[in-house]
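Next up: just one chain, as C-alpha cells, the form predicted alone.
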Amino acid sequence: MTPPTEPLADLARFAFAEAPDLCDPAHGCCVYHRAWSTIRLLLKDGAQPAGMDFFAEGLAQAAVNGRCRVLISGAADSGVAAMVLTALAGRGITADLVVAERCATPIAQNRRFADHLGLHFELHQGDILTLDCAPVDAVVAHSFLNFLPAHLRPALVATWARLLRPGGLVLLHQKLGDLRWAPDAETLGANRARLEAQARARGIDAQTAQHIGAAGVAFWTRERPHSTTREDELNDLLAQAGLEQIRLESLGQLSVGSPSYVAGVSSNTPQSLVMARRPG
C-alpha cells in the first residue's frame, strides 16, 4: 500500500488564513492552530508526529481482518491522521479514520486532506467527552491529555475506554512529568528569523512572512494553562477506566520534529509512549 501524501503547503496556507474565523475565540486556540502547520512546513520539513514505529506496531495489533478503525482524539492539524495512515499502509492494513476535535480549523484541514486522498474520514467536531460513535479498534492521542484540566482527564480516559471494542488498544505519545518551557528573547528572535527566511524562500512576500514570524512567536510564547500528567496519575486514570497498561516507554524529551520544540529550551521536556488495552 502506498503511504499518503499530505498536501501540507495547502493545509498550512488554509489554517493560517482561516483559523481567525474558524477557531472559537472562547477556546483561545487560534494562536495554536494558525501557526502549527506553518511551522511544521517551514521549520520541521513537514515532519509527521513522533512515534511512527510504536503506532505502527500497536495499530497492527489492534487491526481485525486487515482493517483498523482508529479514533484520533485531538488533532493539531492533519499530521496525526497522516502518521496513522502511513503507519497502517506500511503494514498493509486498511485504515478507517474517526477524527474527534472541538475546533473547526483542524476538522476542516482533515476534511481537505481526506478529499485530497479520495478517502472518507468520519469527522466529529465537539466535546470529546460526549462523543458517540461506533466502536473503534484503537484510540490514538498525541500529547492530548494535557490540553484538558486535571479534573476532566478521568472522564476523557473513560470515554476512550467506552468507545473501544473489547480487546482494543489506547496508544498515547504523551508528556509525563514537569513541563519546562522558558524561551528567551534571543532564542525567539532567532527562530522567528528562520521562520521568516523560510517563508520568503518559498516565494511568500515580505509582509506576509513577517506576519508568519509574529504568529510563530505568539505560538511559542502562548499560555499553557494545564499541567502535564505524572506517570502515577496516568496509571490511576487507566485503572479507573478499566484499561490495562501493557507498555510504557520513556523517551526523555520532546520530539525535535514538533513545532513546539525550540532548540536549547525544551529539550528536557519528558515524553513517553503508552499502550493500554480494554480487556475482553
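Just so it is clear, the model here is predicted, and its values are computed rather than measured. Note that residue numbering begins at 1 and tracks the sequence as displayed.
There is also a form predicted together with a small molecule; it is not shown, and the following applies to it.
- Every residue in the set His33, Cys103 and Ile128 has a non-hydrogen atom no more than 4.5 Å from the small molecule in the predicted complex.
- Residues with any non-hydrogen atom within 4.5 angstroms of the small molecule in the predicted complex fall in just one of 25-33, 209-217, 236-244, 62-70: 25-33.
- Residue contact with the small molecule in the predicted complex: Phe121 places no heavy atom within 4.5 Å of it.
- Interface residue remark: Leu148 is counted as part of the site for the small molecule in the predicted complex, having a heavy atom within 4.5 Å.
- For the chain shown alone, Leu172 is not a contact residue for the small molecule in the predicted complex, no non-hydrogen atom being within 4.5 angstroms.
- Contact annotation for Trp160: none of its heavy atoms lies within 4.5 Å of the small molecule in the predicted complex.
- Residue in contact with the small molecule in the predicted complex (any heavy atom within 4.5 Å), chosen from Ala138, Leu195, Ala76, Ala82: Ala76.
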